[in-house]
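Each of the two blocks below gives one form of the same protein chain as structure tokens; they are labelled structure 1 and structure 2.
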Structure 1
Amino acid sequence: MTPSHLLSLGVIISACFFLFARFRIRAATLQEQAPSTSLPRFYGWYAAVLAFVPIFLGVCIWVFASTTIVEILLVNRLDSLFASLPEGGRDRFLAEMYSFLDGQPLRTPSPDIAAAANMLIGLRTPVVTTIIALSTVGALSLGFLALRFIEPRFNAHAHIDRTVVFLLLLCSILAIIATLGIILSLLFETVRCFEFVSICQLFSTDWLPRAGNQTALDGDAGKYGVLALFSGTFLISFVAISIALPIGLLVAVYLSQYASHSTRRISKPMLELLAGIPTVVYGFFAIVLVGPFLQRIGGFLGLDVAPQSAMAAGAVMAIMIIPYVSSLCDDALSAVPSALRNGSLALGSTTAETVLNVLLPAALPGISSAVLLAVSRTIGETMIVLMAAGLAANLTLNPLASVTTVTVQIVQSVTGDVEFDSVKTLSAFMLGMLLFVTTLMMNVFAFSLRRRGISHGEV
């Protein structure tokens, strides 16, 4: 039996209760000679929904939590074994057991591990059986309970409506849970990371994380200085913004002030096209064209350009964010009251003078907010830098050198064999936390700037 089978069983049970309940309310109205408050189908729904709740919970527990429950039971049984293991040995033992179960053992399993794996498999069946039994019994009893409630004066429709609204509320709370999940998972693993890495260590320039088993061998957890990562991130971001901002701003000004209607009608979708291209495609573009091209130009000029340079990543990222920057600048420009623009034009200024002397100063808060949002976008961008920038941490301001970024190192730390007890994996979450805080602050600041810009514009 799989969760989907249980789900089907639930649907069948609910359908039965739907029919029962409808039959029952029809009989009751005939008997009492009184019309029912709601239509018969609402009584049906009432019983069906009530009966479905336990099954749904059961399926959720099965899908999300059964493995955890089984593990807890197993750990309880093997208490004495784990007591003899060194610190952290339990997690490693479990990890090894899971990889043995997956059929990809890290090394030939010890008899203990094989025995534990067998015990785990043995525990799965009773746990699943219990879940199925409990949810089915729950469904039947709630269904019969619902049938007992049903009588003509009972307003089933109102109950159904309230249930629906509750469901809607649950759905919107899920959005909070997602954010909370991000924050909590980052926070939790970051705290664990700081058990191994001291905070002062972050403010150094060496980034040399070590994988789990190596840590166990020599006790050296590696070096976790994030300065070089952030310098690389901001270097690429700086390159990207210094290309994209002038171009994006000029495009926005041109399209809003000069361009004919037909140019606008063609250009806007083209820019949207540029914005809709996945970042992995830009990364590919950087690998096959921009990187080699820059290297060739560098060779021609006698400059030493790394094959994977901050310049290449920044340039491609600039192409990616030009549409974003130009649409944000467009918003900022159009938030400027037209009276200001018309006033300046009426004084005999040319369009260029109006733009430079009136529009841009008035739109400055909006444009700054656009820059911040764009920077936050480039900092969080992963694929382009992963493909176009380097891997080695390198504290430099030279855009032609190879640098690495926070996002690249996150990917590097958690691809391949992930062990959740290794400092290397935990360091990815620590970097994620730093990234989250940085981008969140920028976004919040950018939104407040924009709001100020708009209210300023309306005065």
Structure 2
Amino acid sequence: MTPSHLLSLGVIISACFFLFARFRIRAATLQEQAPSTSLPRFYGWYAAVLAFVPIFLGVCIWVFASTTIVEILLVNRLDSLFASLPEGGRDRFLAEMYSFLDGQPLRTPSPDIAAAANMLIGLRTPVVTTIIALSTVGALSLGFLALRFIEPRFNAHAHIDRTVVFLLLLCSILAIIATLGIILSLLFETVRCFEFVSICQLFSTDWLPRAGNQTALDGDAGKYGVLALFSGTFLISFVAISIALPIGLLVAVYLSQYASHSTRRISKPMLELLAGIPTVVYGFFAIVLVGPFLQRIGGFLGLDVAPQSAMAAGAVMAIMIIPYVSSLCDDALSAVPSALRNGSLALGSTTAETVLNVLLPAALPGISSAVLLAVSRTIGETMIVLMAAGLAANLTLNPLASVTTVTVQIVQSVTGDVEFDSVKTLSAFMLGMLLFVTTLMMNVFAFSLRRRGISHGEV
């Protein structure tokens, strides 16, 4: 049996109690000759939700905690064996054991590993059986308990409303916890990185991280100047926004103010198809068409254009984010009260004058949000930059030169045969933390601009 089977069992049990509760409330209503305080379906949902809670908890324990529970039991039984292993031997032993269980052993397993794997299988069965039994018994118990509370005077609707509010609150708390977990994971590893890299090194222009084995050989931890990385990131983002913002805004103005209903119905879905194209396809497009085209144009004009340039990556990235800009700007323009537009037209203004003097200022907060989303999308893009802009850190403002970005170097630092505790790997967390702080400052700045626009009556 798998967790999905247990989840399916929970759905079946909940559906049965849903039907039982509806039948019970209808029978009680006829027997007492009194109307119920809630509709029959709310009584059914009340019993179904109570019956499903133990099953859901059981699935969560099975998925997220059963492996840990079984491993703790195994470690307790093999305590004498682990005590004879050298430092770090227990983790290697468990890794080889799990590889053996997955059918992909790192090497020929020793008798101890094979015995431990069999012991793990023997321990997993009673743990899983206990989870299934307790979940099923709990579901049946709470379901029958819910049936006892069901009567016409019982306000099931209010209980369902409180349950929904609790679930919404739980989802909000989980989102906050996930955000804090991301921040703390970045923060802790960044602090570890700064044990090997001084903050002053960040303000240099050279980026050359070294893996752990290389550092051990020559004692050189590498160079970790982030100025070239952030300059490349902002250069490509600037090129992309410079192209995508005017095009996306003009497209939004046309679709919202000038296009007919049939034209809008056809054009907008086709434009939004660009957002569904994988970024690796955009990368191939940049390598095959945009890069060579820019080189030919540069050769004709006497300019030195690199095969992989910030202009190529930014231009292709602009095509990718045009749907984001146009859709959000279209929504912002459509959200402006029609009375403003009609009043401007009634005073004799043309459509162009109304758009320029009335609609765009009124929709400025929404347009600012569109720009912010587009900038965040470009800063976080990796594949297009990896394929179209290059890998070498280069501190330049020339969009025709080859540059790299923060996200590309993060990928370079955590891929390949590198140790997780090496300075090179830890530098990826440091870059991620710096990128997070940068985007956070941009969000705060955009939020302050929006608040200032609202306070001055622009919306």
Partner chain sequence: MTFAQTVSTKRKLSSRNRADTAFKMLGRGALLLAFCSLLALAIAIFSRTLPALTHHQITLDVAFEPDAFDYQTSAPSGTDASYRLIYANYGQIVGRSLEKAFPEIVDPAEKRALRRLVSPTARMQLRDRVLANPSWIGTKQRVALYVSKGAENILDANEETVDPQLTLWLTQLQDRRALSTTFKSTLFTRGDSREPESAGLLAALVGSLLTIAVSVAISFPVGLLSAVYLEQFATRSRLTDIIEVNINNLAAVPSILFGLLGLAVFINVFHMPRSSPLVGGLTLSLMMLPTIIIASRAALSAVPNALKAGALAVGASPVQAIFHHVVPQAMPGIITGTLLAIAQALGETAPLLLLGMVAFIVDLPSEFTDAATALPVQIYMWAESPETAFSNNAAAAVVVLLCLLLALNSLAMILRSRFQKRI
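Predicted, not measured: the structure shown is a model, and the values here were computed from it. Every residue number counts along structure 1's sequence, beginning with 1. We call the rigid core the largest set of C-alpha positions that still match within 1.5 Å between the two forms.
Enquirer: Just verifying the output here: the form predicted on its own should be either structure 1 or structure 2. Which one is it?
Expert: Pick structure 2 here.
Enquirer: Superposing on the rigid core, does the Cα of Pro126 end up 2 Å or more away between the two structures?
Expert: Yes, the C-alpha position differs by at least 2 Å between the two structures.
Enquirer: State yes or no: after fitting on the rigid core, is the Cα displacement of Asp161 between the two structures at least 2 Å?
Expert: Yes, because once the rigid core is superposed, the C-alpha of Asp161 moves 2 Å or more between the two structures.
Enquirer: Aligning on the core only, does the CA of Arg148 end up 2 angstroms or more away between the two structures?
Expert: After core superposition, the displacement of the Arg148 C-alpha between the two structures reaches the 2 Å mark, so yes.
Enquirer: On a rigid core superposition, how far has the CA of Thr438 moved between the two structures, in Å, if you could check?
Expert: Displacement of the C-alpha, rigid core superposed: 2.6 Å.
Enquirer: Cα shift of Leu180 between the two structures after core superposition, in Å?
Expert: On core superposition, this C-alpha lies 4.0 Å from its counterpart.
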